[in-house]
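Only one chain is shown below, in structure tokens, and it's the form predicted on its own.
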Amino acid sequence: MKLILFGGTFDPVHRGHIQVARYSFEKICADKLIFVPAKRSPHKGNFPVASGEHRLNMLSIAAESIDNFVVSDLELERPDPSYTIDTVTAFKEKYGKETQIFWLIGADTVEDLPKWHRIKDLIDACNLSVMYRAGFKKPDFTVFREHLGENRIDKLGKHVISTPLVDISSTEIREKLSRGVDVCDLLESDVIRYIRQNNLYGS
């Protein structure tokens, strides 16, 4: 079984998230994709604007019509600090050691990889799949060779995914919502409805 885990704050989840998730799902030929909303921004001290419950609900709305796409509250329910290696370990225990786990991350996080908790164990435990936008430079992992070792550098290089160019920012969406600007081209209609019903982001 090939299982994709897609972590992030998803504050809110937008069409870009869904598009790269769909693309990666097909590229990897996965059996299931699980969105794993984080309690707070990875490697940052600030909490998301919307609560974990609201972000979980918006993800569930966005994913409910897509086959084999589901949402997990595992990291939201876990006490701080919550580490990716612990999440991967938990899913391995649930789905079995034979399951291949792919953890999707954006290319903008690559330079912080050496700072990740137990990064060597994480690379060994799953397939860290770095997504980079088409037309941009492919991530260069060789700068971490001394820290991570040749085998891990090779493994990272095998799971790079060139995704469609999607220029959407959750920060931009929140700003537009606060000003009453139309975001129908950025968010699923049911997600917009949920945001308005719950008065999120100053909408």
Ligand code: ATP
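Since the model is a prediction, treat every value here as computed from it, not as a measurement. So that there is no doubt, residue numbering starts at 1 and follows the sequence shown.
Keep in mind that the form predicted in complex with ligand ATP is missing from the display, and what follows is about it.
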Can you pick the stretch from 80 to 88, 67 to 75, 94 to 102, 108 to 116 whose heavy atoms fall within 4.5 Å of ligand ATP in the predicted bound form? 108 to 116
4.5 Å heavy atom contact, residue 10 to ligand ATP in the predicted bound form: yes
Contact with ligand ATP in the predicted bound form for residue 123, defined as at least one heavy atom pair within 4.5 Å: yes or no? no
Taking the shortest heavy atom distance, is residue 174 within 4.5 Å of ligand ATP in the predicted bound form? yes
Residue 151 within 4.5 Å of ligand ATP in the predicted bound form, heavy atoms: no
Just to confirm, with a 4.5 Å cut-off on non-hydrogen atoms, which of 143, 28, 168, 160 contacts ligand ATP in the predicted bound form? 168
Applying a 4.5 angstroms cut-off on non-hydrogen atoms, the residues of 109 to 135 near ligand ATP in the predicted bound form are 109, 131, 132, 133
Residue 27 and residue 134, C-alpha gap in the predicted bound form relative to this structure (3 Å or more): farther
Cα-Cα shift for residue 187 and residue 135, closer or farther in the predicted bound form, minimum 3 Å: closer
